[in-house]
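Below you'll find only one chain, the form predicted on its own, shown as structure tokens.
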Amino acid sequence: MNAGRLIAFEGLDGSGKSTQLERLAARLRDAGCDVVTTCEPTTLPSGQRIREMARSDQPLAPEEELRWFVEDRRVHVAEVIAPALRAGQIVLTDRYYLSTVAYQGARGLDYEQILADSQEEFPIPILVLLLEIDPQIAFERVHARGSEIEGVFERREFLSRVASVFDALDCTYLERVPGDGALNQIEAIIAERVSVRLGLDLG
């Protein structure tokens, strides 16, 4: 799995991950790279049940919730990420295991143990781009975007706890990006960080 490169976008709901992932994908393709874009929870059955749970306002017990996310990631890695990496592609994923570390850590589980277990089991990204915004701004963006609210996760107080776990993370592959600026400005920062990591010119 060393031929390709894995880059993950992380952050609170409403931080702009999906937008910036697509912008980076376009830059990489313009530079001649073979890019795969994906997301977690997945669109596979294991991910769909997570999304249904998130919209139900009926959270699982934290341990069961963690198990669901890990099971979905195992399928994701086996069916999407690992084959793409073996094929030498660049994989961009909207959320990966640091989301589980932060969100299930905010549920009261041991986030350091989740991180250790994740790094042992799953491919480690060459880069994680963490888009940082104030939890209040994240909450307002989520409620302003017009799509269905995931009541289990998209609550102001819970997002604040998630942000606290993200703040505590210290991984060599983690790069923090201010997420409250203009979209083009954020895109340029991300392109610069990725250029350094991949040895490309994405300017």
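Values in this document were obtained by computation on a predicted structure and should not be read as measured data. Start at 1 with the first residue shown and count on from there.
Beyond what is shown, the protein has a form predicted in complex with ligand TYD; the following relates to that form.
Within 4.5 Å of some heavy atom of ligand TYD in the predicted complex lies at least one heavy atom of R51. At least one heavy atom of Y103 is located within 4.5 Å of ligand TYD in the predicted complex. Though the partner is left out of this view, P41 does reach within 4.5 Å of ligand TYD in the predicted complex, counting heavy atoms only. Among heavy atoms of F69, some come within 4.5 Å of ligand TYD in the predicted complex.
Highlighted residues Q20, E187 and R193: none comes within 4.5 Å of ligand TYD in the predicted complex, counting any heavy atom. Only one listed stretch (77-85, 116-124, 129-137, 94-102) carries heavy atoms within 4.5 Å of ligand TYD in the predicted complex, and that stretch is 94-102.
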